[in-house]
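For reference, the chain that follows is the form predicted alone, supplied as structure tokens.
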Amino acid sequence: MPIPIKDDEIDIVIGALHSDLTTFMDAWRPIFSRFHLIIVKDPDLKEELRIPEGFNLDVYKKLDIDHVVGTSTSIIFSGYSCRYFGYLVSRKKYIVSVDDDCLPAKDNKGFLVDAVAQHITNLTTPATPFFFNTLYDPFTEGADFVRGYPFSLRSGVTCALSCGLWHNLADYDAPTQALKPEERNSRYVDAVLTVPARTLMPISGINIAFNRDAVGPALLPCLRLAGEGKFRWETMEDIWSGMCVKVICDHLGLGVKTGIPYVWRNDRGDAIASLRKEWEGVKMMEDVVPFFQSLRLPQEATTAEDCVVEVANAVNEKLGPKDPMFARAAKAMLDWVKLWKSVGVSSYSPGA
């Protein structure tokens, strides 16, 4: 059974890259109205935000980011990275993060999917990363452990990260999307899986939730491409963050789940136009994946902050000489840990 969670233990974080959030907020009203929302406006967005009434929310703008972060850091919160500022200032145990180009999806019966409830269910039921269960998540209704599953492993471990999916525009890279411009994801697969230990995955920040107390500092906005743009095809910050947090979860004995809940993702951007910008990131993965696959953290690293520091040092040593981008990412990771610790002992209200 899921652990009972109160609504005031959850923050919904929304990175606002669009000025008019009326359609987005109204669509999510049946789900979001119970919770506290943190909306972080992209510092590069010039227009004022338009947000309908009836929500319990805090809005953070460029002045707020500058006040909290200052200028003595390599962390940049522009574009999709603005959501990480919400992770930073939240004080709740659980964070659910949804992009502002996503709307609630419907399941196979036509009912609205409560993405928050499903994410929290994923996080508050154990994960099983050390032995794969072929009947999906054994803690979901209608499933259980299959024959041969060791009883000693059936209690599972704490799930720290829940990665949702989306309908309509799939999260392809620019080359794949350019080859399949008309392809859309319309299947609703009603399943959740634990990602096995020592298995990497390309985590997307489009629709995720996590236990902030357990792994909050491991979700970080630290790798930026030279030609990074404002469309998802043109960024790699969440892919990098995802590999960091997965390695850290494995080290700390925590679990990661993927599957439901779904959201509906609107079409944005031109894959062919974005291809030139993202190609750097596509090539980067050929160096990054072997690095993370071989990375082992010392037993002395017992917290997410400790682990981020160890990963940063390894990045600087192993990848830094290959490309200055990695050395910058390593420095940003160390700055992020310092920032996380300093903000954690302070209090700030937006507009103060």
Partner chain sequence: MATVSPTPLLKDELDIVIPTIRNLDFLEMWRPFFQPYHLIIVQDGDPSKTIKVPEGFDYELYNRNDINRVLGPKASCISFKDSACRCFGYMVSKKKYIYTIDDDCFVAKDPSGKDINALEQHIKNLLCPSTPFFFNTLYEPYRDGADFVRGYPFSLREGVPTAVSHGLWLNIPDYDAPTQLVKPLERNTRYVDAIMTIPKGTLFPMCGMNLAFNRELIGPAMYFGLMGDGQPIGRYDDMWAGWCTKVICDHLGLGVKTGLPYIWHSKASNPFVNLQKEYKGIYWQEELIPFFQSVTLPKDCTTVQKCYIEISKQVKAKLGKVDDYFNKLADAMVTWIEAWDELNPSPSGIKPAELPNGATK
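Bear in mind the structure is a predicted one, so any value in this text is a computation, not a measurement. Numbering follows the first chain given and starts at 1.
Below, we turn to the form predicted together with its partner chain, even though it does not appear here.
Colleague: With its partner chain left out of view, choose which of 117, 112, 178, 146 has a non-hydrogen atom within 4.5 angstroms of it in the predicted complex.
Modeller: That would be 146.
Colleague: Let me know the one among 243, 160, 96, 222 whose heavy atoms come within 4.5 Å of its partner chain in the predicted complex, would you?
Modeller: Here the answer is residue option 243.
Colleague: Using a 4.5 Å heavy atom cut-off, indicate which stretch of 88-96, 187-195, 212-220, 119-127 touches its partner chain in the predicted complex.
Modeller: Contact criterion met by 187-195 only.
Colleague: With a cut-off of 4.5 Å between heavy atoms, is residue 173 one of the residues that contacts its partner chain in the predicted complex?
Modeller: Taking the distances in the predicted complex, the answer for residue 173 is yes, it comes within 4.5 Å of its partner chain.
Colleague: Applying a 4.5 Å heavy atom distance criterion, does residue 327 contact its partner chain in the predicted complex?
Modeller: Heavy-atom contact with its partner chain at 4.5 Å: absent for residue 327.
Colleague: Can you work out whether residue 250 and its partner chain are in contact in the predicted complex, taking contact to mean some heavy atom pair no more than 4.5 Å apart?
Modeller: Residue 250: no, not in contact with its partner chain in the predicted complex.
Colleague: Flag residue 183 as yes or no: does it have a non-hydrogen atom within 4.5 angstroms of any non-hydrogen atom of its partner chain in the predicted complex?
Modeller: Because a heavy atom of residue 183 falls inside 4.5 Å of its partner chain in the predicted complex, the answer is yes.
Colleague: Quick one: which residues from 324-343 get a non-hydrogen atom within 4.5 Å of its partner chain in the predicted complex?
Modeller: Nothing in the stretch sits within 4.5 Å of the partner.
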